[in-house]
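Here you get one chain, nothing else, as structure tokens; it is the form predicted alone.
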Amino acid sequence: MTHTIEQYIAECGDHVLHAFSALPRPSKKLEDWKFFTHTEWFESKWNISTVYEVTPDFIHSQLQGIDYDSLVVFHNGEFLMQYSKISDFLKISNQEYKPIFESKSLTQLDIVHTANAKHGVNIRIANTEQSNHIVLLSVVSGSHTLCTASHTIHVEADTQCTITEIIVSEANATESLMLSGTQLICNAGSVCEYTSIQKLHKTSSIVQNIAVMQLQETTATVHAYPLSGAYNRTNMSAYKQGTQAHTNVYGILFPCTDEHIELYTNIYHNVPECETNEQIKGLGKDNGQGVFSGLIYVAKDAQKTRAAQSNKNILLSPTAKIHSKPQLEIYADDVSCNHGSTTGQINREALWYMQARGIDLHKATELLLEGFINDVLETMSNEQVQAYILSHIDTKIAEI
């Protein structure tokens, strides 16, 4: 049976439908949604639950070259225990998904994402003597599938861990739509590196909300790598609730052909003596369109804040577009904050210099672009995940 989004919401209960109706629909009238038309999503009929099954061979193929201590597998939003590897330091429970903060810019898509909140999964990572690598693999199957997924990850006090979330679609997942939410709660003294990798069918779309809450003396590093998909949007927010909370945000946007990739970040400094470092690189090719919008907010009491934001982009064809909107909103007076954005073309003088020394144009272009993105990729501690991402980016670069 197929449903429109509104029919699906109506079946979730009157209270959900009321919340849905009270919020605006994403449209070009809203500042944060003005670069893409979402009307078709609400008019289309979607397969809410599918009969497709994911195979162990497909799971294995998506994780080649990546070692992990724990693996948590989801299929069309449902947790699959039989394909997961749960270590002793990891506890998983089914618990209703509850947002850890109230966003000021909710839309109807946020209600769709949380409508199936009772199927949310809570993951608790305990402290061990070593840093552990946890992989979350989410698989989307079936044509015209509407898939929702909600996870809350608790990193216990003084814990060090690396989390890699990979969202992929099978070949049959044409024109699918995934609405995903991942909440990361970093308790006091914890150090967590979280990487989001999204690799979807060229006709499929995704909206992923990543929310990070940091308590005192924590370090949270978030990497965003939307590798493919017709429409790929990441909304990332970090809320600093304790002093000495440090946040690092890195990402690469590379829309090609007719891809549309968006990254919206909001970092909220609510307490004193916290730090943010944000570095986003963008490449655009063919009719690809990219959007980066980054806000660093400093509250009145958040004195001695240190924050830096950088967005640099290269356009590889005259029809490619990347829209950049760095923002600082500061209400404290004892802070050190800066931001900057540049968009241009590849360095022709550098290309000429390399060609003059026997390097052909195609190879010279590859080397320059890899050098451009490497300072972002090299911030990642896990070399296997870094190589996984680079191999997919290199495939796009090689087609130039």
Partner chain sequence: MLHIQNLHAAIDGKEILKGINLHVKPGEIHAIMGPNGSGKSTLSSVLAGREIFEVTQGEISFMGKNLLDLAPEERACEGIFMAFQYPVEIPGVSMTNFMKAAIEAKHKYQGTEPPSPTEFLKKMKEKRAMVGLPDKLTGRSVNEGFSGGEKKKNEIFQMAMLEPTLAILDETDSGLDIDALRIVADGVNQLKTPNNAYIVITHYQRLLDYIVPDVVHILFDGKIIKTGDKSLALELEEKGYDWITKS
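Note that the coordinates shown come from a computational prediction; the quantities given were computed from them, not determined experimentally. Numbering follows the first chain given and starts at 1.
Below, we refer to the form predicted together with its partner chain, which is not included among the displayed structures.
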* Structure fact -> Among 354-362, 61-69, 34-42, 48-56, the stretch whose residues bring a heavy atom within 4.5 Å of its partner chain in the predicted complex is 354-362
* Asked: How about residue 30: is it within 4.5 Å of its partner chain in the predicted complex, going by heavy atoms?
  -> no
* Asked: Does its partner chain come within 4.5 Å of any heavy atom of residue 347 in the predicted complex?
  -> yes
* If you check in the predicted complex, is residue 342 within 4.5 Å of its partner chain, heavy atoms only? -> no
* **Partner contact for residue 374 in the predicted complex: its partner chain, 4.5 angstroms, heavy atom** => yes
* Asked: Can you name the residues of 87-105 that have a heavy atom within 4.5 Å of its partner chain in the predicted complex?
  -> none
